[in-house]
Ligand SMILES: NC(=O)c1ccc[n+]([C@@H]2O[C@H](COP(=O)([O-])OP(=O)(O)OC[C@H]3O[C@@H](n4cnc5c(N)ncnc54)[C@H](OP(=O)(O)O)[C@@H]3O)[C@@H](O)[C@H]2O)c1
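In structure tokens, the next block holds one chain alone, the form predicted on its own.
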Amino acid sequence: MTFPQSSRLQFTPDLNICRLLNGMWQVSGGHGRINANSAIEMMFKYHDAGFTTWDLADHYGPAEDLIGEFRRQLMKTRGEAALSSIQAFTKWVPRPGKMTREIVEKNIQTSLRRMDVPSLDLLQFHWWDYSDSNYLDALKFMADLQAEGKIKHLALTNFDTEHLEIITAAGIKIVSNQVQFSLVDRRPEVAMVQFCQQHNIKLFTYGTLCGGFLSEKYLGKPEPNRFGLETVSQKKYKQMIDAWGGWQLFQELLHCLKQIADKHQVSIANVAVRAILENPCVGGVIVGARLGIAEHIQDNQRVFDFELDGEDWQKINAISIQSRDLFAIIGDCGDEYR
């Protein structure tokens, strides 16, 4: 299957990416045991299907090491030129505290070594405590390393609009922010999207499928109790569904999405992803990849086969308007982590 041009984004002048990113959080634990050899085999399948862009982090278990081994095997079997077809976006998530050039560089060097790359395509920075302003020092040191060629582009993870504005005003060039964004959690639409559009910053979204809840598997099913939740993601997003409006309203959303999916001859998951991808501020949606355990390559490919129309959005918004205001309950993007 050949992807249409709409499946790709010229994210930066030097990075052309797939708009569905393979999320590697699920190799960090809590989603099933990962066999490294099976994982690498599956990475080749994703890559060959057109899913060439990977989202990972320094703390996602072996994720950076898997990228490094994948690169080595790809070069060995297909030549060095094939390496240019991979885009690997990692994160640095330090403990708050005093930041020095030495601390920052040491951590960046670790990621470079593990991923076996001369320069990080995109370094997405997360900071746990806004009251500790050392995050600005960390970013300034990262900008220095970027100027030296060790990092191609700087980005953020789970920063709210207020602090994204502070960072931008400090003269630090940020190209993207990774946030939770789904038809259940539409908080980015309140403030983040407008700011990002004004400053040419893209959003990469996660939680777009609510840990798999936005699928046929849960349509018409009784509310699961905490013992029936298999993964860390399911436990997290069940709490989000509860805060949003509860299981009954969520079932109404699933029935709505099923009608739209049947109309376009796709799946509920396809509709849920497509809805977020159609936001002009969104550069890509991150879909978790349980490498060597489960894959949804063929289903994910259909995301680019259709577009939602006005009638579809009218039905979706009629459900959304009945939900609670998560921005008022939780706060802006990323506030659930602070």
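No experiment lies behind these values; they were computed from the predicted model shown. Don't overthink the numbering: it's just position in the shown sequence, from 1.
Just so you know, the form predicted in complex with the ligand exists too; it's not on screen, but the next bit is about it.
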- Note on the structure: For the ligand in the model of the complex, the stretch among 232-240, 74-82, 141-149, 161-169 with residues bearing a heavy atom within 4.5 Å is 232-240
- Quick check: do F44, Q87 and V117 each get a heavy atom within 4.5 Å of the ligand in the model of the complex? no
- Message: Is it the case that G284, even though its partner is missing from this view, gets within 4.5 Å of the ligand in the model of the complex, heavy atoms only?
- Response: no
- Hey, in the model of the complex, does S176 get a heavy atom within 4.5 angstroms of the ligand? no
- Message: Please tell me whether any heavy atom belonging to E64 falls inside 4.5 Å of a heavy atom of the ligand, as the geometry stands in the model of the complex.
- Response: no
- Item | Heavy atom of S215 within 4.5 Å of the ligand in the model of the complex | yes
- Query: So which bits of 297-311 sit within 4.5 Å of the ligand in the model of the complex, heavy atoms only?
  - Reply: D299, N300
